[in-house]
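Taking the form predicted on its own, here's one chain by itself in structure tokens.
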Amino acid sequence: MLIQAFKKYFFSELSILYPETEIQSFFTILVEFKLHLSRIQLALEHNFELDNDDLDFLKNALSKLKNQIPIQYIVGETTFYGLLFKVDKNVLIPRPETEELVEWIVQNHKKDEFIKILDVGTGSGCIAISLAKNLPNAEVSTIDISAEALNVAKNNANFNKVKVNFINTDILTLEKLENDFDIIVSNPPYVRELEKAQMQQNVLCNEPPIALFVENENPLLFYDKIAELAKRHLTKNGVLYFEINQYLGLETVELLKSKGFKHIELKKDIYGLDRMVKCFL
């Protein structure tokens, strides 16, 4: 079967579920992953013949897309901050807004001498590994409750050739940290149950709920706990960074103020949404 013929079929099958631009993105990702053809090469290769293995892969991927499975889980990888990360159902798919958090930290600390960083709730390891890669003077540790997620993160650290210390524990039950840190960063669960209606089905049905959701009654649960630990384990002039719920920016700032943090900076993402907080003790 010619690839152009399959492409036409692919678009027709997905047209009622996704916008055309997203379908094009799916097709490009699949072709680059399986056939190693860029979008430009694909446009030039009108008579490219799919063999049975390639066709089976693309048909299987199409079936999964029709069932709202994220493209990143289908190919098992995604890019984040210029690095390749393996992902599966045990970890959240890294988001562009989290890249902005990493960039903020890198720009603020790229001239620092030796620094110790703790990433709380590491998931795929995207924050910790990106910081370790871009801040060569940093010693990076991570915490996650999920042993399965940590296995993914460990593989990503090995793949990207960085050293990271992995700790499997529940941050909510932790009374103290093993060390003090110059930077503590976290992108913890912050989506309230009441916000589920706003979310896409492919996220709700596939990504791990434990990494996404908090109860409506206590949406800042993780921020409260991490801030308490940070009060005891940040070094002098240490910095706390959070990715936050866009609807709870002011509430998060007030929480940090109540715990004695100073110089609190609430930062918007490229879409103009309150997305990040930085503060000092």
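Just so it is clear, the structure is predicted and the values come from calculations on it, not from any experiment. One rule holds for the numbers: they count along the sequence shown, beginning at 1.
Note that the form predicted together with a small molecule isn't included here; everything after this is about it.
Though only this chain appears here, would residue 199 touch the small molecule in the model of the complex if you measure heavy atom gaps against 4.5 Å?
-> Yes, residue 199 sits close enough to the small molecule in the model of the complex that at least one of its heavy atoms falls within 4.5 Å.
Proximity of residue 97 to the small molecule in the model of the complex, heavy atoms at 4.5 Å | The answer is yes: residue 97 has a heavy atom within 4.5 Å of the small molecule.
Determine whether any heavy atom of residue 212 comes within 4.5 Å of a heavy atom of the small molecule in the model of the complex, and answer yes or no.
-> The answer is yes: residue 212 has a heavy atom within 4.5 Å of the small molecule.
Residue 92 near the small molecule in the model of the complex, any heavy atom under 4.5 Å?
-> Although the small molecule is absent here, residue 92 would touch it in the model of the complex, with heavy atoms inside 4.5 Å.
Residue (of 187, 130, 124, 142) lying close to the small molecule in the model of the complex, criterion heavy atoms within 4.5 Å = Spelling it out, the residue with a heavy atom inside the cut-off is 187.
Single option in 177, 83, 74, 191 placed near the small molecule in the model of the complex, where near means a heavy atom within 4.5 Å = In short, 191.
Spot the stretch among 145 to 153, 162 to 170, 191 to 199, 109 to 117 with residues whose non-hydrogen atoms come within 4.5 Å of the small molecule in the model of the complex.
-> Result of the contact check: 191 to 199.
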